[in-house]
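What follows is one chain in structure tokens, specifically the form predicted alone.
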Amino acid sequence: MSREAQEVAWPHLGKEIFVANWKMNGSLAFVEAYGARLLEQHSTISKKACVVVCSPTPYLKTLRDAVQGAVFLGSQNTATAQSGAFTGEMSANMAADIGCRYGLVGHSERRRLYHENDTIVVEKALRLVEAGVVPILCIGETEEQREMNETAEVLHQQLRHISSLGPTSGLIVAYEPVWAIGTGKTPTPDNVQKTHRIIYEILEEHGLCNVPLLYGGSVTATNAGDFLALKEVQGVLVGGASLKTDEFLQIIQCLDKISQASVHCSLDQ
């Protein structure tokens, strides 16, 4: 795939990525108001930011109409099949048809509550790739695994099938330590930096280079800048804080503050 074709297929190239995961929250009124606010503030969003909103499936079309292309849509979940007798499922083709450019796979809640193992996760990612949708593959360790110093082993395990996606899938990986999701607990920037370096080494072992790596897990407007300032972090996956439109916008605006700080540092040197 040429660079020009990649830029069309993967709007996140060369940008910081901000993903909102609403989980099972919202209403029609909420979606319309949220979309209107994003559209209203679109001109204030940095050109260096790629913004993706993953709403519940029933609201994707409403969100699409509300944002009018101001941000990209993402699916929260898709099936391992593209069609057939799978009552209640949404295929990757359907997600693409409704306007999704991105799709979450492997979120810890899907792994824990719906027993999705690494094989299922990579199958879903493959369906997304086939449909022209960029998979955002979530990985991360539990608190028990962290305390047992098993983080690197767990990440290797979760990424062991990753090479089957191929080098031109537009893949994004999101590191979300399970113990930090919705708990208010967050690793230090130093810990995130070290863990992301481990993940990059794993990806390189599978022949995958230049894969954007996001951090997720209790990301807020207060701490987002600390993570985004790390060269090993190319964006954030935001859960609860993304339900507050203005806080999500503040998280995106952290990018401008970091850029300004970098300019000042360069001038001072």
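Keep in mind that what you see is a predicted model, and the values were worked out from it rather than measured. Start at 1 with the first residue shown and count on from there.
Keep in mind the form predicted in complex with a small molecule is missing from the figure; the text below concerns it.
The partner is absent here; in the model of the complex, the one residue of Leu214, Val219, Cys50, Val53 having a heavy atom within 4.5 Å of the small molecule is Val219. Of the candidate stretches 28-36, 42-50, 233-241, 197-205, only 233-241 has residues whose heavy atoms lie within 4.5 Å of the small molecule in the model of the complex. The small molecule is not shown here, and in the model of the complex it never comes within 4.5 Å of any heavy atom of Gly132. Contact annotation for Ile181: at least one heavy atom lies within 4.5 Å of the small molecule in the model of the complex.
By the criterion of a heavy atom within 4.5 Å, Glu176 is counted among the residues contacting the small molecule in the model of the complex. Of the heavy atoms in His107, some are within 4.5 Å of the small molecule in the model of the complex.
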